[in-house]
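Only one chain is included here, represented as structure tokens and corresponding to the form predicted on its own.
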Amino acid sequence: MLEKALHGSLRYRIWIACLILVGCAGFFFYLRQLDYGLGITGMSRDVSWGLYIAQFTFLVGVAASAVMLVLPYYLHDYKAFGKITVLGELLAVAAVVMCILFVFIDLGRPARVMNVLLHPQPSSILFWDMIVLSGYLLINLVTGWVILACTKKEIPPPGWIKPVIYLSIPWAISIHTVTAFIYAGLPGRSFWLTAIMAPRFLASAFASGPALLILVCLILRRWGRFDAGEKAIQALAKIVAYALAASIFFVGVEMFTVFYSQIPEHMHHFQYLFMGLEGHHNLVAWMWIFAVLSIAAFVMLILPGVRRNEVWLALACIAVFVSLWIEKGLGLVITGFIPSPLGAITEYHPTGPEITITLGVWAAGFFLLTVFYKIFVHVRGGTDGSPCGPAVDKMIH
């Protein structure tokens, strides 16, 4: 099936060429980083996680969002999601690959990643994060590819695939929960020391991932000769609205707890985020953009007339994706280090090479996603419109 990704329109070839160009630029600067060290980035002794780990944190949520399709379709037989369930699984594969790449490039010496395998420490959250991420990648790669292959051949899938699909549901919850525990388990960082870190992660995941999937469905409807169906898109939009509402609520709960308690070491982080602290205000504009975009997107998504308009729906989904990229990316990761436990404020500014490497990883992820969806559209073009093809759908249910 991979050969189908080698053919396409001029627009498709230009898109692929642009992704390869950006990816090559990112790889070039990564080689410089590998030679010089992390000194070419904006990270420092006081801010040891930056743009790379911010992307990792956000993309884990995008990967986990596939469960919002798998759960209704396979457990509750919600057939409207049948056409796009594989899309969610393939999105999860691309997102996890990007997560792994961002962790890899964040290491000054990439060979150190082998220490997790050679010297496993079950007491380490990072060890379990590696387990759940690699397991989730394998689960979605196997299920997505097997279903596609069976659809192409118009044969039922093997009997063992159904338990694997069911396993992906709790596994999806685990990847973002374990990632949240990496932050919430650090007692010296008061900004992350909150019991609702995992629920916050999951709420934002179930908004950002489906929002991206809606955008993909709208793009495929216009240019990919594939229609996911209005019912499926609108159901996804409602999921995004409810998840976004929960995410906004959780942020509000955090702010109430922090400012009502008037505990200085907790207040300073939120002051830095939204008002600036002692003349330092790098993230203030970003966080107000998050606030405006998230509230505007929520209003657009809860109004049925607006939500059913394709243009407004696309704008709302873009706003959701960008706002949560800010809040669960730089807003969450960087602020955990500012101010430090000793009260020092060290600003963080991503450098040009750091941004280019980051864009290179995103380009690699979108390249992988484009190839997957190109194959998907080709295979789906030969079916009768049932969720996975008539034989496959009958076997699964």
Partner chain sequence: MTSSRRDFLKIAGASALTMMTPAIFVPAWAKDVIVIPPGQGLALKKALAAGRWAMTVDLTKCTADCTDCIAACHAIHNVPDFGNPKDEIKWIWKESFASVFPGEQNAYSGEKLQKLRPPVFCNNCENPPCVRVCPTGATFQRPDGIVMMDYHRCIGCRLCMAACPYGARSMNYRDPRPCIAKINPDFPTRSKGVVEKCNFCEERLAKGTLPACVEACRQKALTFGDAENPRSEIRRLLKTRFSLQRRVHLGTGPQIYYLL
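Residue numbers count along the first chain shown, from 1. Not measured: the values here are computed from a predicted model.
Here the subject shifts to the form predicted in complex with the partner chain, a form of this protein not shown in this document.
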Are all three of 234, 245 and 373 close to the partner chain in the predicted bound form, meaning a heavy atom of each within 4.5 Å? no
Picking from 325, 192, 73, 226, the single residue whose non-hydrogen atoms come within 4.5 angstroms of the partner chain in the predicted bound form is 192
If you check 257, 309, 282, 124 against the partner chain in the predicted bound form, which one has a heavy atom within 4.5 Å? 124
With the partner removed from view, which of 82-90, 246-254, 182-190, 202-210 is the stretch that lies within 4.5 Å of the partner chain in the predicted bound form, judged by heavy atom distances? 182-190
Is there a heavy atom of residue 366 lying 4.5 Å or less from a heavy atom of the partner chain in the predicted bound form? no
Would residue 38 count as touching the partner chain in the predicted bound form under a 4.5 Å heavy atom rule? yes
Touches the partner chain in the predicted bound form: residue 42 (any heavy atom, 4.5 Å): yes
Taking the shortest heavy atom distance, is residue 352 within 4.5 Å of the partner chain in the predicted bound form? no
Contact check, 329-363 vs the partner chain in the predicted bound form, heavy atom within 4.5 Å, ordered by sequence, gives 337, 341, 342
